[in-house]
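Next up: a single chain in structure tokens, the form predicted on its own.
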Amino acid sequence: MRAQRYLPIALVTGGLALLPLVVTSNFLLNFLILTLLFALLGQAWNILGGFAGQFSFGHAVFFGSGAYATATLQIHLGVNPWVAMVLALAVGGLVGAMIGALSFRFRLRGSYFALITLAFAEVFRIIAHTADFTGGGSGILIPLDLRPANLQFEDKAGFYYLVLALTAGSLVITRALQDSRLGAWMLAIRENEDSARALGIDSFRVKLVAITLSGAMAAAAGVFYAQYFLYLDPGIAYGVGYSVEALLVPIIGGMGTVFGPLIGSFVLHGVDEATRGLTGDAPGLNLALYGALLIVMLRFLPAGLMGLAAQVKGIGHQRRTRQAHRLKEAGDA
């Protein structure tokens, strides 16, 4: 019975895996790749914000740390990119554990926690801008070597299947978390942390696990970005835009759900591409659009599109129930 819970993930992943067989446009493949990339980043935020209720404004700190870790390990130490990816995920988790230990030990929550994550992202950006091993403000360039063994591919389809595998893995992890005792503890903390502690839940440890897992998953998105574009600089890796997208994607799709970040990413980037086609590449327009979407979603659809779908489904069920009762009463009469 529990295996059936993963069937929707298998069906969605299988459907997405067929797209490169019919989509030949590099533009569309690039759109799909970036959409899945930010679905992965949004899923990372969803674990911390959607499940554990700890809203982060600085998820770029994990994204950038993963990206820089894989790049510097390859360039300065000659580590194989696949091995570097695993180590980069560990780096993202360690950064998350460090920030969580400092924040949750002093019981920072709400806006205080959001601001501390934003501050850490800025601190890491400044460090990357001044450090020699990151290339400073000039950035760091990963050598071109189009071989799967080097985590690079000759066509976009290879990158597509890689990011699809990472995103599918994040869906499986989130589903497993949703069905686990740890996930239940996270939801209890999200709803009322004081009550959760009164029931014996170790909120510090649970939130620390949540931010560590979230950091590792966001680092995976950073690793893919580095291998896809082969270039990083502090403004890119630790840019505020990635922090905004990380939180906006699950808010649009539905926080605390498995498919919310994936749906939100498709909607967000679809709107972004449509707006860009109408207005051109105006500087800062995407951030203004994201801000407007955030306000609209929080005001009118706080449960996201998944919540709206559940609400519509519930209304339909109620109508069918009422119709059945009316037919039964008519038959009895």
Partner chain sequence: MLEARQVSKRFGGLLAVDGVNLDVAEGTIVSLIGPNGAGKTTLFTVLAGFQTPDEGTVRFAGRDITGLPAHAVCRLGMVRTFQVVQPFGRLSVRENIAVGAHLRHPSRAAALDRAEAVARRVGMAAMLDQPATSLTVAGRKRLELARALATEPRLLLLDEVMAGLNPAEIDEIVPVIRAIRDGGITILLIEHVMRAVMSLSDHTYVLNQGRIIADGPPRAVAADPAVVEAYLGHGAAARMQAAEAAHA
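Everything quoted here is computed from the prediction, not taken from an experiment. Numbering follows the first chain given and starts at 1.
The discussion below concerns the form predicted in complex with its partner chain, not included here.
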Stretch in contact, per heavy atom within 4.5 angstroms of its partner chain in the predicted complex, of 162-170, 195-203, 208-216, 75-83: 195-203
Using the partner position in the predicted complex, report whether A184 sits within 4.5 Å of its partner chain, counting heavy atoms only. yes
Heavy atom of N150 within 4.5 Å of its partner chain in the predicted complex: no
Considering only heavy atoms, tell me if A188 and its partner chain come within 4.5 Å of each other in the predicted complex. yes
Can you name the residues of 145-184 that have a heavy atom within 4.5 Å of its partner chain in the predicted complex? Q178, D179, S180, R181, A184
